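Given as structure tokens, the chain that follows is alone and in the form predicted alone.
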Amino acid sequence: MKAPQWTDATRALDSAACILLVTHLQPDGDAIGSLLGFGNALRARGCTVDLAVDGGVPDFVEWLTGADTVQSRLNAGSWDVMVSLDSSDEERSGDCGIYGRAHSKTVINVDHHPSNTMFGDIHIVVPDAVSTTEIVQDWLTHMGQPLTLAIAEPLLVGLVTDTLGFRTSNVNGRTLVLAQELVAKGASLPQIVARTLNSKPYKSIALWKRVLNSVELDDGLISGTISRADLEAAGFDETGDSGLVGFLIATDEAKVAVVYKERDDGRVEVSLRSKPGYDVSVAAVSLGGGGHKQASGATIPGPLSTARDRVEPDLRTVIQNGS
């Protein structure tokens, strides 16, 4: 993988009259954190910037500065530069990405997923980074952009959520140094943890009540299934599983956790988590998805009833090869 093209990327931004930032479908804290952190920084530099993600900003991060400026769809406009944030491939950036790439002269790919396909014209892909917000923070340092609270808060959201509160195996001393820099600018670590990792609406609990009946533990693999009927009964209309897979992997006897979620279109979202030493990204990539060693996912063809048979052999291999 090529070295990050910091200089080329900065030069492209500095010469652009208008810039588009896009992140991935079903955005998590790192996706929105990098989108808003970088967007707020570019606006502080006097740039004209549009921000977009399919479906808009999730409820749990609506309080961040600039969240109200994020577009949920794109059907007009053109840009000198599009920056794709936290998307490992073109499909992951959804309809906003499709439109943005077709109406932008230059595409800059900023990501930390090892499975990144290196799409675009300029690449800042750093697989060793714990989050895309870490890369954005480094880029701002490279371009000499001072941090402000409006920049620091979303960057810390990405750092906290993608490391599960600094608990993933890729966290190192530098991760904590970067977090300290953000806290020094006024970002509140306790508030961010409370609003992201430790916050759930009651409809999430209602969903869990139904789904926990489906949970099974078999030789280190713990699994749960979310059907459309479960989602409708709980009134759950959000992306993801509201942290259920993260809850399951906390089980002492579990080495790998998987949650299958049935989508409106009949496809199945597969969310994966693992204990240190077990690399679920290998299974995710084989299923057409991607992610990190301890947190990955994929979307596979339905029906839900056959998903387990397709996925579990790969997860058994992960457990067998782990330590």
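Residue numbers here begin at 1 and follow the sequence given. Predicted model, so just to flag it, every value in this text is computed and none were measured.
Keep in mind that the form predicted in complex with ligand 5GP is missing from the display, and what follows is about it.
J.: So in the predicted bound form, does any heavy atom of Ser84 sit within 4.5 Å of ligand 5GP?
T.: Although ligand 5GP is absent here, Ser84 would stay clear of it in the predicted bound form, with no heavy atoms inside 4.5 Å.
J.: Closest heavy atom of Asn109 to ligand 5GP in the predicted bound form, within 4.5 Å or not?
T.: Answer no; every heavy atom of Asn109 is more than 4.5 Å from ligand 5GP in the predicted bound form.
J.: In the predicted bound form, does Ser88 have a heavy atom within 4.5 Å of ligand 5GP?
T.: Ser88: contacts ligand 5GP in the predicted bound form.
J.: Using the partner position in the predicted bound form, report whether Ser271 sits within 4.5 Å of ligand 5GP, counting heavy atoms only.
T.: Although ligand 5GP is absent here, Ser271 would touch it in the predicted bound form, with heavy atoms inside 4.5 Å.
J.: Looking at 188-196, 226-234, 88-96, 134-142, which one sits within 4.5 Å of ligand 5GP in the predicted bound form if you count heavy atoms only?
T.: Contact criterion met by 88-96 only.
J.: Can you name the residues of 295-323 that have a heavy atom within 4.5 Å of ligand 5GP in the predicted bound form?
T.: Going through 295-323 in order - heavy atoms within 4.5 Å of ligand 5GP in the predicted bound form - the hits are Ala295, Ser296, Gly297, Ala298, Thr299.
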